[in-house]
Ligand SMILES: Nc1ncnc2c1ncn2[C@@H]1O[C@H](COP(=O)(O)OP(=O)(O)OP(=O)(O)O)[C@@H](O)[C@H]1O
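Quick heads-up: it's one chain on its own, the form predicted on its own, in structure tokens.
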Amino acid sequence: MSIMSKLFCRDDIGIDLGAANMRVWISGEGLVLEEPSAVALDITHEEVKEQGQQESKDSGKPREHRVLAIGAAAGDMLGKTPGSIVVIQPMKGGVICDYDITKKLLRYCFSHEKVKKARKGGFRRPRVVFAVPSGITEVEKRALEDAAQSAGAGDVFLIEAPMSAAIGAGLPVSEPEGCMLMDIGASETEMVVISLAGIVHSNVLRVGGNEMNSAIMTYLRDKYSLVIGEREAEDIKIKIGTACRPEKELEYEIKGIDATEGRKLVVKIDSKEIREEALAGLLGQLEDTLRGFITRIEPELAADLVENGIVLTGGGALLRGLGKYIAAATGLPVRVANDPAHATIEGCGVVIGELEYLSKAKRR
């Protein structure tokens, strides 16, 4: 590629800005960045937002806390910060809950060394595809578009995250037949039925990987007086978490602090108690919501689901035996996507290939 071509060509970028992790996809390169969606702030230090201004706190100018770390570095601080430092995850269910912090997160995405190295363009702002929840409002859409353009994006395109996940999982979304997807993320589970490139039915349950971690932490504190952090709970979920009984129950040893006596405590647990006591309530909610959702589907689409079944995506789909559990609850065939945690960003990568068409349609 010549120097002039490199300077004036345009990059296309896909971003999955989730509650737990942010992922960046660049056309021709694939997935180039995957880090926690986290920002660490020094709350004892404030700066005037407009650069170069030195007004005092009483001047009425908007002020913000100093950023200490973003992404992986901020993620390493979770659960370990003193009172003067707070770690924020500004996206909840794919929706901005802190506009200014989200802009910093997006600037970090665009300026990250891995992203800059993978980009081919020079002066032109990149076109960006964002995966967003299916129930996002127009106000939330505009907030995300504004944050992205303030952070350095050019044209911004939004695709519903379940549709992107379905595309990434290889479902025939444009065909005149129903296919169902459950996307189990960090903060919520989205259930959708797709036909003719559109979402016909959708429902959101505020249960995801984070709630499972919290349930494990609560169970261990209540039964064993054992205090653990969210990272340890995540490890327990990954290593011995199950949705249905495995051939052999798994065991795990935890070292922590006794909540009542303040001394070291070592506890051995197994997958049965995590499944039947810690996670049973959340799995029950998931089952009840799913069965209620299926009863509202039209007979023609329901008949397609008998053949096509349900596809599971999202990091939560990696819970052992979840597909088997859902199949038993619904009587439908269930499969987990080949790479469920990356299905959404892979779908963004496919959509990037259609941006010329989408750009013309947007201008019209």
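All figures in this text were calculated on a predicted structure; none of them were measured in a lab. Quick note: we count residues from 1 along the sequence shown, nothing fancier.
Keep in mind that the form predicted together with the named molecule is not shown, yet the notes after this line are about it.
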Wondering, does Gly209 line up within 4.5 Å of the named molecule in the predicted complex on heavy atoms? yes
Can you check whether Glu145 is within 4.5 Å of the named molecule in the predicted complex, heavy atom basis? no
Quick one: does Glu234 come within 4.5 Å of the named molecule in the predicted complex, counting heavy atoms only? yes
Since only the chain is shown here, I'm wondering whether Ser195 would be in contact with the named molecule in the predicted complex (any heavy atom pair within 4.5 Å). no
Students should find that, of Ala73, Val200, Ile238, Ile257, the residue having a non-hydrogen atom no more than 4.5 angstroms from the named molecule in the predicted complex is Ile238
Tell me the stretch among 331-339, 291-299, 25-33, 318-326 that has any heavy atom within 4.5 angstroms of the named molecule in the predicted complex. 318-326
In the predicted complex, residues of 149-168 near the named molecule [heavy atom within 4.5 Å]: none
